[in-house]
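Take a look at this single chain, the form predicted on its own, given in structure tokens.
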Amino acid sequence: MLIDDLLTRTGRVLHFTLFDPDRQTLDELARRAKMSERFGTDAALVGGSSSFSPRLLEATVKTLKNAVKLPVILFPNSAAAVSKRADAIFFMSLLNADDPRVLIREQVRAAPFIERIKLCPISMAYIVIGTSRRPTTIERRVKLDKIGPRDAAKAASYALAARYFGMGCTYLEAGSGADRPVPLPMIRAVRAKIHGPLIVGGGIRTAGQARRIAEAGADIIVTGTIAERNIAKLRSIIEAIHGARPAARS
């Protein structure tokens, strides 16, 4: 699996930059991607909670492939968010959704096309954590079995179920523009229940937050909004992640 290869090769916590096709022009995308690569990000994710056309998705992936040498991984919000130009796709189920569409139905629609174009699927349990006073975009769009900041045991139970299902990765998501990142006790609780890579994203705005999340047990940290609003700050965040001491694994 691409993620396992990256983790093995680098021997450190990874940083992925998320690019939402709907949030910038293609010229801005290329500039931000080049800066992110120069700062040391390990991969480019393409996706977001908002809807965008297949044509824009293709243009976004093509622009990234031309601009940088990073792996380009799709972070889909529907079966339509698949591109044959990408290197891999997060084949994920939003486990705490009360909506069969994001649990399994979009995945069923996408699977034959992913097989046909020989796109590498990365099996993933996607778990949304409600850390904000106001709902994030994904919380507004999808009815969820809410997991609050103090519900570490509940998040860990979802992660353990994902492990028993055989899902390769677990992603704890606070959501784009979240007030706060996923709490450290929750990250530690989930880390203790899983064997595969743990990804954490949403609400991460400072190098200190990123380092603490890495040292709590995250294998990969994802940031997106910071690259849109203050990309110069991204350098310190990536340096903090790469300099963190990875947590001990069970």
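We number the residues from 1 along the sequence you see. Note that this is a predicted model, so its numbers are computed, not measured.
There is another form of the same protein, the form predicted in complex with a small molecule; it is not shown, and what comes next is about it.
Asker: Just to be sure I understand the contacts: of G217, G224, G196, P183, which is the one whose heavy atoms reach within 4.5 angstroms of the small molecule in the predicted complex?
Answerer: It is G224 that has a heavy atom within 4.5 Å of the partner.
Asker: Just to confirm, with a 4.5 Å cut-off on non-hydrogen atoms, which of A155, L74, A178, A125 contacts the small molecule in the predicted complex?
Answerer: Partner contact (heavy atom, 4.5 Å) among the options: A178.
Asker: Using a 4.5 Å heavy atom cut-off, indicate which stretch of 79-87, 167-175, 97-105, 117-125 touches the small molecule in the predicted complex.
Answerer: Stretch 167-175 is the one.
Asker: Please tell me whether any heavy atom belonging to K34 falls inside 4.5 Å of a heavy atom of the small molecule, as the geometry stands in the predicted complex.
Answerer: Result no; K34 lies far from the small molecule in the predicted complex.
Asker: Taking the shortest heavy atom distance, is R205 within 4.5 Å of the small molecule in the predicted complex?
Answerer: It does: once the small molecule is placed as it appears in the predicted complex, R205 has a heavy atom within 4.5 Å of it.
Asker: Any chance L234 has a heavy atom within 4.5 Å of the small molecule in the predicted complex?
Answerer: No, L234 sits far enough from the small molecule in the predicted complex that none of its heavy atoms falls within 4.5 Å.
Asker: Although the partner isn't part of this model, could you tell me whether L18 comes within 4.5 Å of the small molecule in the predicted complex, counting any heavy atom of the residue?
Answerer: L18 belongs to the contact set for the small molecule.
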